[in-house]
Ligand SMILES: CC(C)(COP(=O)(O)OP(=O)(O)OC[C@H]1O[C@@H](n2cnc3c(N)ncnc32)[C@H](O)[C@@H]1OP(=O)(O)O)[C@@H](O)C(=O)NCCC(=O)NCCS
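Before any questions on how it binds or moves, here is one chain, the form predicted on its own, in structure tokens.
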């Protein structure tokens, strides 16, 4: 599994490439999503099924995974986790907070961003770097967006605050590119006050990993 291979020891990942028939929600979850369109309902159901499978490996019974006021998943006490879904991929990662401070994962199709989107999800320094990159078959603008989403998902559990696209500057390193697959690392430098609300040290930045395979981009952050 791509997500499990990107996670440190102690973090459990589950993933799927579609929405299997027969999956069900717990009652509180069903109430939360009852007005959603069918596509959204199926995505929501699948990622929560995956999350419950991962939590089960940590020893938890089935619990509802509801949304917080910022849309973040609400995990059982003592657990950190992250969910993601896009066309052709659903994923969930969880771990005990005593061993992992935060995790953030995001998946996107390996396609360029729609025209006009990049300026709204990047800072000038990032755009300058993208302009200078060679045409190497990697959709760097979409990878940037994916890494920013993973950054926000890792940031929020630590700080409890919003992080805008303009509040982090990301740099990339590529470590491998062969046969249509690529991988590497990234660093997210936080551009605003990183004061934490979880009792830990302030956040100055995150180090993450990225991978491109089978038409998919995945970015991950895990702070241990």
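Numbering follows the first chain given and starts at 1. Predicted, not measured: the structure shown is a model, and the values here were computed from it.
Just so it is clear, the following notes concern the form predicted together with the named molecule, a form of the same protein that is not shown.
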query	finding
Residue 70, heavy atom within 4.5 angstroms of the named molecule in the model of the complex	yes
Non-hydrogen atom contact residue 110 with the named molecule in the model of the complex at 4.5 angstroms	no
Partner proximity in the model of the complex: residue 140 to the named molecule, non-hydrogen atom cutoff 4.5 Å	no
Heavy atom of residue 40 within 4.5 Å of the named molecule in the model of the complex	yes
Proximity to the named molecule in the model of the complex (heavy atom, within 4.5 Å), stretch among 23-31, 160-168, 191-199, 51-59	160-168
The named molecule in the model of the complex reached by all of 47, 149 and 156, non-hydrogen atom within 4.5 Å	yes
Heavy atom within 4.5 Å of the named molecule in the model of the complex - qualifying residues of 81-106	83, 84, 85, 106
